[in-house]
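Only one chain is given next, in structure tokens, and it is the form predicted alone.
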């Protein structure tokens, strides 16, 4: 049975101009943890409700946010495709079935809801399911003033136009030379893909020296980023990541939390 709130969202005719934040970066740089921190600090500063979208096939945002995912859109997409191939449903009924099943994937928390995309497409034609997926995400997004998307490594999700435009694009890198070079490639790729974004923040994560690396100092001019943000290597966050604890349980005096608050307040 579809959750009441999910059913309401899918039937809602009210359109909200959502503020959309998309986070990207190569794997292992702390992208998902930063996504969780952004969501957590949005909520803490009164910007709610938030729709959290886990578009990373690894699907670990739920752990960072402290919620449990029972099913993903990827799994539902597979089930709907299988049923359609067997001729069990056709036409309008097929679309309604897929929409209702995806609605059941919505995880409801106190001040945010979350939907996980799950694994990427497998072999075969998924055009129909992808089109419905985009429609459902758009309908869900229209009911939330804030949408935060944890993308898979790279900009594939944005290029597939799961969302049409982004208010804030966040790129995350580690302080290594290769990490900074990845940001340059991602920035170039964003323009090649015509990704529509209004603001760009670049996070240099887990910095141990207390200053932005020399390689990163040139990024602001090269990318015209609104902010180059240095996040220090943080022991508490490292322990939380190892144990799978939610970022909402971080101490109030955590340095990274304080920095995130500072920049969240500058957004609005």
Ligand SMILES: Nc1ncnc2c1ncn2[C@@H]1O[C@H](COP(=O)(O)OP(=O)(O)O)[C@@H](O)[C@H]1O
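Numbering follows the first chain given and starts at 1. Just so you know, these numbers come straight off a predicted model, no measurement behind them.
The discussion below concerns the form predicted together with the ligand, not included here.
K.L.:
With the ligand left out of view, which of 38, 237, 202, 53 would have a heavy atom within 4.5 Å of it in the model of the complex?
P.N.:
Flagged contact: 237.
K.L.:
Contact with the ligand in the model of the complex for residue 232, defined as at least one heavy atom pair within 4.5 Å: yes or no?
P.N.:
Residue-level check for residue 232: yes, a contact with the ligand.
K.L.:
So in the model of the complex, does any heavy atom of residue 223 sit within 4.5 Å of the ligand?
P.N.:
It does not: once the ligand is placed as it appears in the model of the complex, residue 223 has no heavy atom within 4.5 Å of it.
K.L.:
Does any part of residue 46 reach within 4.5 Å of the ligand in the model of the complex? Heavy atoms only, please.
P.N.:
Contact with the ligand, no.
K.L.:
Heavy atoms within 4.5 Å of the ligand in the model of the complex: does residue 29 have any?
P.N.:
Answer yes; at least one heavy atom of residue 29 falls within 4.5 Å of the ligand in the model of the complex.
K.L.:
Counting only non-hydrogen atoms, choose the one of 202 to 210, 66 to 74, 215 to 223, 38 to 46 that falls within 4.5 Å of the ligand in the model of the complex.
P.N.:
Within 4.5 Å of the partner lies stretch 202 to 210.
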